[in-house]
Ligand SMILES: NC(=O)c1ccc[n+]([C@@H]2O[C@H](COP(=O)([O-])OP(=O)(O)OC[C@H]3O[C@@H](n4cnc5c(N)ncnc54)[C@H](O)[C@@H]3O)[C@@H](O)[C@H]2O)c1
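Only one chain is given next, in structure tokens, and it is the form predicted alone.
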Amino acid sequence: MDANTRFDLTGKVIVVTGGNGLLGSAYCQALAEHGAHVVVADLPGAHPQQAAKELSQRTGRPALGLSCDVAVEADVVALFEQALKEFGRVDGVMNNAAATGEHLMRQGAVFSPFEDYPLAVWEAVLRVNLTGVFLVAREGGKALLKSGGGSMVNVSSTYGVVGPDHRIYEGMKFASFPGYSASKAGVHGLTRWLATYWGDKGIRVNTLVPGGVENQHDPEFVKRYAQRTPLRRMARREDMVGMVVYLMSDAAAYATGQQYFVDGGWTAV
């Protein structure tokens, strides 16, 4: 099998949660361009059905858009039931949905000092970022088992591996917050557990670890982040897609239980 064939995703059915977000939409585009049938799953307000329709028009590949809140068990169960009903199989799961600072800014308390941190906000973040990942992994794993195996990629963050440099947030309207780091660290533990649990069932489970992705941030923050990073810039969303295609493809057939960093060298400092 030549290298190009190993990266070919033709005919593979891949479910992407958070599929119409900043990174999720880039993942969906790249996967479809490499031949996959993509299930775009996201909150109703993110319009996943429209996103799937447009993805199919751009790439010529069948795509399905489904509404799903990963924090709601019934939604996640229905997501994989509908994916199997539509395509007959699931070959990949991109466990990408997350509650980030941008999503939670309307809840001003998300950036509270830790000494006064509200329990309700902490629990709301973990409900999406860790319990949601668990639910998608559980139901996605069932679908992969029915299909004879496949690849699962859980998305974490550098802040699930190393502590943030709080200095770069000084004077900003946003900051790193504890529930995000704690939940993303939990994703790594779950990935390793699942990799060893499903290893003999033909299911590979890995973690993608993105660095900070520029998204209309304050220019001063972008400057500070870049100065802290060996490649001297924040990530662009397209920087992540090569790793995603690799992990979903047969090129990664012997890769499981690992953390794949795409962070410009942030964690090397």
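Start at 1 and count along the sequence shown; that's the residue number. Here the structure is a predicted model, which is why all the values come from computation and not from measurement.
The same protein also has a form predicted together with the ligand, omitted here; what follows describes it.
- Though the partner is left out of this view, Cys68 does reach within 4.5 Å of the ligand in the predicted bound form, counting heavy atoms only.
- The shortest heavy atom separation between Met243 and the ligand in the predicted bound form exceeds 4.5 Å.
- Proximity of Ser176 to the ligand in the predicted bound form: non-hydrogen atoms within 4.5 Å are absent; the residue sits far from the partner.
- Although the partner is absent here, Val128 lies within 4.5 Å of the ligand in the predicted bound form, judged by heavy atoms.
- Checked against the ligand in the predicted bound form, the residues Met152, Leu194, Val110, Val155 give one hit for a heavy atom within 4.5 Å, which is Val155.
- Site annotation in the predicted bound form: the residue of Leu144, Ala97, Ala83, Leu135 reaching within 4.5 Å of the ligand with a heavy atom is Ala97.
- Only one segment in the set 194-202, 144-152, 176-184, 112-120 has any non-hydrogen atom within 4.5 angstroms of the ligand in the predicted bound form, and it is 176-184.
- Residues of 183-213 that come within 4.5 Å of the ligand in the predicted bound form, judged by any heavy atom, are Lys184, Pro210, Gly211, Gly212, Val213 in sequence order.
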